[in-house]
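Encoded as structure tokens, the following chain is the form predicted on its own, with no partner shown.
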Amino acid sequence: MTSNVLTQKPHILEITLEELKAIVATLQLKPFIATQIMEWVYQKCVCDFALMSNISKANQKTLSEAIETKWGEKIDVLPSKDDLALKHIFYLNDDAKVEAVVLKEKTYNTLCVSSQAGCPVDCKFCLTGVVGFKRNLQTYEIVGQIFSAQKQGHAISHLVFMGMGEPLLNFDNVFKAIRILNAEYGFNISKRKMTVSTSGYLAGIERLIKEDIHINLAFSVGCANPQKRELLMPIEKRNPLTEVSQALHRYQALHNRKLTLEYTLLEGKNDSHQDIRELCALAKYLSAKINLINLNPHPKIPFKPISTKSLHQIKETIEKAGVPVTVRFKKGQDISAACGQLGESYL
């Protein structure tokens, strides 16, 4: 367990049931209290011990002295004009800010989750890279994003770790959060409905293999040509596309989880016929589908999106090559909540 940056106490949203049972035993309380607390937190979205009515006042006091519960006291919620996206800006204990987005689908809601405040990867087509890196989020700050969305009545059934930050650079906190969110005592969200995005951090992929962790991955390609990719994604220098692709190939051979290649289209940079042929070859090697994302423009990003006509032509080219392909529908662009736009609260 980590501890809250202000109080040095473990936070209720980062404690597993087994850890909570151990704390309850140390406090010399009845074992069943641990289960009661988890029911309040994850079934009723109540974090305050004082509101847990089936726990005695004396035990509430004892618990509050040992476990931190404050989370998300200050949140800005910005709805998009079409009401298909809701951006949440969380103001953290140390004045860092983090953004998460509720994406409304026809039959379910997805939460785009952040793993870091800012991002150190500096992809040139992403606003979060412009913001720069502030710090890793603690487990409770990751779980808290889902907790807050659920508490507001947005029934979250799908999670995409595609918000601010590179999840594999905050491996321990991200995957502990995933264990809690997936657990029956937690929000019980299926791992098959979770996707972790990466810009290609080789050590993180190798660790997934070593620790036998199975999760849907989305790999942000930028460009399938390593030389061109390095200009768009500096991570290429220390994490070469050839080595990352080989590691992803080994990882995919271990399980049947989905792999998606995320491809942000930039006019005149990665949209040529040769670029798309190389992208298709990579997708075939990895047995992956391609998700095309037309750039969401911003004054701080020095690129332009391609035309709608070109987008459809590229999609048809990929389909003719026999590779599964989708186009990501833009949601939340008017509130800077679309893909690659998180970080406006800092700017």
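A residue's number is simply how far along the shown sequence it sits, counting from 1. What you are looking at is a predicted structure, and each value in this text was computed from that prediction instead of being measured.
A second form of this protein, the form predicted together with ligand SAH, is not displayed here; the remarks below concern that form.
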(request) Flag S197 as yes or no: does it have a non-hydrogen atom within 4.5 angstroms of any non-hydrogen atom of ligand SAH in the predicted complex? (result) yes
(message) in the predicted complex, does F125 come within 4.5 Å of ligand SAH, counting heavy atoms only?
(response) yes
(request) Determine whether any heavy atom of E99 comes within 4.5 Å of a heavy atom of ligand SAH in the predicted complex, and answer yes or no. (result) no
(request) Mark G163 yes when one of its heavy atoms lies within 4.5 Å of a heavy atom of ligand SAH in the predicted complex, and no otherwise. (result) yes
(request) Let me know the one among C280, V46, L295, I33 whose heavy atoms come within 4.5 Å of ligand SAH in the predicted complex, would you? (result) L295
(request) Identify which of L29, I301, L63, A288 has a heavy atom within 4.5 Å of ligand SAH in the predicted complex; exactly one of them does. (result) I301
(request) Would you mind picking out the stretch of 154-162, 99-107, 177-185, 209-217 that comes within 4.5 angstroms of ligand SAH in the predicted complex, counting non-hydrogen atoms? (result) 154-162
(request) Pull the contact list for 242-278: residues with a heavy atom within 4.5 Å of ligand SAH in the predicted complex, in sequence order. (result) E262, T264
